[in-house]
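Only one chain comes next, encoded as structure tokens, the form predicted on its own.
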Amino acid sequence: MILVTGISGNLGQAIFQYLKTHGADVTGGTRNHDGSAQTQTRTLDFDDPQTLALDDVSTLVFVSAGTAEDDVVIGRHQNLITAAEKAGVGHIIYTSLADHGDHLGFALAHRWTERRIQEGSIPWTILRNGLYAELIGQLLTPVDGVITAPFGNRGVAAIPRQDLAEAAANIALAPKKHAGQVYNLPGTRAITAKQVADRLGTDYRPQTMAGLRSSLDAAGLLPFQPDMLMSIHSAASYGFLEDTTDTITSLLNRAPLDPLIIAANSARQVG
């Protein structure tokens, strides 16, 4: 059986639904499971090792446990990997962060998790996912008809979430073919804030980093979140997120989606 973690999130849910559609023996794990939403789900709380029952799992699609301080995320990931090893899970597929993501404020927990999996006893596949085109669109949402996010004039190799979900699902359907592989999966093209603005028919007038910091500090975010968001804007502004690859194409049974269209649609929906 295939188990997909984090199905209360968009990526986990998309992987889960794709596998169901293709007739896989799949179940989903979520810490918020109430026992009534779906028959093919189970409680899986990374903070509570007693919920991590994996004895019937042949392939574990391990979607990261979400944003928190590094020690919290690493502790959660350690719990799940240890439970998988004790249960004799046959393969782990981990959704990590693209190579160029080392400049981002949430990279450390991903790199630690990769190392822990690679040093463990279970065959593995690492998916180094690029930033979602949907996320970039949200960050570039116009305010009063103007995009002010400080993304500079460089590109971001954003990738639609659905492409990443289908790639992960395709690997889960034949994991042995991908054992020991680290796939770098940014988008196949880099998009700019100006391109998103042009597609929306709005202006792009980026504010300063100090202005962004001030607005984030006033937004009532969790303490670690402003630095994570600032790191995305800084890395994008100075061209550290624009490296592209065509690797995703080899993992899909179709052409990749256009990240500019996805990003613009996301910005339009939020706005």
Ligand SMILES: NC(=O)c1ccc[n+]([C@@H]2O[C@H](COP(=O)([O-])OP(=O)(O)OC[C@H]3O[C@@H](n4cnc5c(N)ncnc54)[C@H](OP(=O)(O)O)[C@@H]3O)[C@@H](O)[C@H]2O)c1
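Please read all numbers here as calculations on a predicted model, not as lab measurements. In case it trips you up, residue 1 is the first one in the sequence shown, and so on.
There is another form of the same protein, the form predicted in complex with this ligand; it is not shown, and what comes next is about it.
Student: Report whether all of 183, 248 and 262 sit within 4.5 Å of this ligand in the model of the complex, measuring from non-hydrogen atoms.
Tutor: Zero of three within 4.5 Å in the model of the complex.
Student: Using heavy atoms and a 4.5 Å limit, would one call residue 135 a contact residue for this ligand in the model of the complex?
Tutor: Output for residue 135 is yes: heavy atoms within 4.5 Å of this ligand.
Student: Although the partner isn't part of this model, could you tell me whether residue 256 comes within 4.5 Å of this ligand in the model of the complex, counting any heavy atom of the residue?
Tutor: Although this ligand is absent here, residue 256 would stay clear of it in the model of the complex, with no heavy atoms inside 4.5 Å.
Student: Indicate whether this ligand has at least one heavy atom within 4.5 Å of a heavy atom of residue 47 in the model of the complex.
Tutor: Result yes; residue 47 sits at the interface with this ligand in the model of the complex.
Student: Tell me, yes or no, whether residue 229 is in contact with this ligand in the model of the complex, where a contact means a heavy atom of each within 4.5 Å.
Tutor: Answer no; every heavy atom of residue 229 is more than 4.5 Å from this ligand in the model of the complex.
Student: 91, 178, 161, 100: which sits within 4.5 Å of this ligand in the model of the complex by any heavy atom?
Tutor: Among 91, 178, 161, 100, a heavy atom within 4.5 Å of this ligand in the model of the complex occurs only for 161.
Student: Identify which of 57, 26, 235, 65 has a heavy atom within 4.5 Å of this ligand in the model of the complex; exactly one of them does.
Tutor: Going through each option in turn, the one that passes is 65.
Student: If we take heavy atoms and a 4.5 Å cut-off, which stretch out of 199-207, 218-226, 65-73, 238-246 is in contact with this ligand in the model of the complex?
Tutor: It is the stretch 65-73.
Student: Even though the chain is shown alone, can you say which residues of 1-30 have a heavy atom within 4.5 Å of this ligand in the model of the complex?
Tutor: Counting only heavy atoms within 4.5 Å of this ligand in the model of the complex, the contacting residues of 1-30 are 6, 7, 8, 9, 10, 11, 12, 30.
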